[in-house]
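Okay, here we've got a single chain as structure tokens, the form predicted on its own, with questions on binding and movement later.
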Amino acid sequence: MLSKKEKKLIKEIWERLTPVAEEIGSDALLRMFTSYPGTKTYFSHLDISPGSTHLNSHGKKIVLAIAEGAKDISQLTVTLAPLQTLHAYQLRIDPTNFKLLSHCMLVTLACYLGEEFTPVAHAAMDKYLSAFAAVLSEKYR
């Protein structure tokens, strides 16, 4: 699926973004909540307004999980196993939302990275985030 070069590129991008995980993650979540309002239902017990502690905290968790998975993409299923169980059995998140968030994350990355988010980086990241979403959805089958 991903070449060695693409895996290396993805790993480097996420290593670079880890220090701004809260900013990247909260922006992607806000984009998702705005573009797909139905996704807010899973967060009705939290304050998800722009700049809120809950939004920033959850955004950071998401980016750190994505970055952790990028360290060894070949082990993505193992790395994400606890999150698979949490989202499928405890939180009961509609797996379609993982795809929606992946799309919003791509837009956020394009905005944040600008010209550095080349077509090659975009394509590689799209493949990775699609794989990430697919792995999170595996427990639903």
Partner chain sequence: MVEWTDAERKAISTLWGQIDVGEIGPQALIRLLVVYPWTQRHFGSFGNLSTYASIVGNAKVAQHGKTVMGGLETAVKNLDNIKQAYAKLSVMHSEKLHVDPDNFRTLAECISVVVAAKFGPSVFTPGFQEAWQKFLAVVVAALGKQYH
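Since we're looking at a predicted model, the values are computed, not measured. Numbering follows the first chain given and starts at 1.
The same protein also has a form predicted in complex with the partner chain, omitted here; what follows describes it.
Undergrad: Given that the partner is absent here, state which listed stretch (40-48, 69-77, 56-64, 106-114) has heavy atoms within 4.5 Å of the partner chain in the predicted complex.
TA: Checking each option against the 4.5 Å cut-off leaves 106-114.
Undergrad: Answer with yes or no whether Ala123 is in contact with the partner chain in the predicted complex, where contact means some heavy atom within 4.5 Å.
TA: Residue-level check for Ala123: yes, a contact with the partner chain.
Undergrad: Indicate whether Leu30 is a 4.5 Å heavy atom neighbour of the partner chain in the predicted complex.
TA: Flag for Leu30 set to yes.
Undergrad: Even though the partner chain is not shown here, does Pro19 get within 4.5 Å of it in the predicted complex, heavy atoms only?
TA: No - in the predicted complex, heavy atoms of Pro19 and the partner chain never come within 4.5 Å of each other.
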